[in-house]
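For reference, the chain that follows is the form predicted on its own, supplied as structure tokens.
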Amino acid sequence: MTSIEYVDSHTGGEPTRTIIAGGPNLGPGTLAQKLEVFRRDFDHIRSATVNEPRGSDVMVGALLVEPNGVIFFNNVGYLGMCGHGAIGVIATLAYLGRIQPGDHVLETPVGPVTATLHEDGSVSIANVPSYRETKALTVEVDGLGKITGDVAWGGNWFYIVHDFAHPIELSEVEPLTDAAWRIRQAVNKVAPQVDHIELCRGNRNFVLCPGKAYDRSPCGTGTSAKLACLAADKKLAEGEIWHQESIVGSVFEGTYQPDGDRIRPTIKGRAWVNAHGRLLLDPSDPFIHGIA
């Protein structure tokens, strides 16, 4: 019997499970190299942590890596960055008494981000440089016809439909999920790097994550990619606040600063710690490593 100590939080409704003890030893090297070790040798720990029966498709995991690194993962694999997850990690470290209000650097596999823990418990994440790669990419989608959107990077790859015709409401999750999955299949034929689909209507969004679960939060990396598109189209000024609302009604504040031919987005939100415990991995359990 082995155990993994974790803290659960949610950011705007989206859960983060942070491994704080009992995780694998990933050896020396850069964080990107350690991610490859995790992927190659310890993927069963990822699955055991976030998949059923201990987790669910919506759960995002975060493995703390000394001295200040974090590796994010979900039900099907690994994430370059995770905005809601970074906010959740900072809330977790504050709950554990490991940090105080102020600036803290988190190393991620796609670069460092600066997290500011505010006195009121909210967190601002100065994300990795973000940009739009392709404007107005039109694809033919089975059952939907022609759909046009932008391909953008915000720490993960997104295809963003800025004026989606269908209402972005919680009661419409099933048709939105179906539409987003169909769009992803079409987009991947020409932009295989895209693994997140973001459907927008005004300031509201619906984000379908790589494992076909929708994001309950407004999605930090998705908001970063959205800001990159707004900045490129000169629809949002430097320092101007963009309020991005999720399908469940939670809100992130987004701003940006220019960074060469890219932008440096900052996302502000809040996470709440809601559990602290141990996952038990019993060798006799037929689902010890989760139901993938």
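Don't overthink the numbering: it's just position in the shown sequence, from 1. Not measured: the values here are computed from a predicted model.
As for the form predicted together with a small molecule, it is not shown, yet the points below apply to it.
J.: Pick from Ala152, Cys219, Ile125, Ile197: which residue has any heavy atom within 4.5 angstroms of the small molecule in the predicted bound form?
T.: Only one listed residue qualifies here, and that residue is Cys219.
J.: Since exactly one of Asn75, Asn205, Thr108, Asn156 fits, which has a heavy atom within 4.5 Å of the small molecule in the predicted bound form?
T.: Of the candidates Asn75, Asn205, Thr108, Asn156, Asn156 is the one lying within 4.5 Å of the small molecule in the predicted bound form.
J.: Which is the contacting stretch out of 132-140, 112-120, 210-218, 181-189, given heavy atoms within 4.5 Å of the small molecule in the predicted bound form?
T.: Looking at the other structure, the answer is 210-218.
J.: Within 4.5 Å, heavy atoms only: does Gly83 come near the small molecule in the predicted bound form?
T.: Yes - in the predicted bound form, heavy atoms of Gly83 and the small molecule come within 4.5 Å of each other.
J.: I'd like to know if Ala91 sits close to the small molecule in the predicted bound form, meaning any non-hydrogen atom pair within 4.5 angstroms.
T.: No.
J.: Even though the small molecule is not shown here, does Ile71 get within 4.5 Å of it in the predicted bound form, heavy atoms only?
T.: Flag for Ile71 set to no.
J.: Since only the chain is shown here, I'm wondering whether Val161 would be in contact with the small molecule in the predicted bound form (any heavy atom pair within 4.5 Å).
T.: Contact with the small molecule, no.
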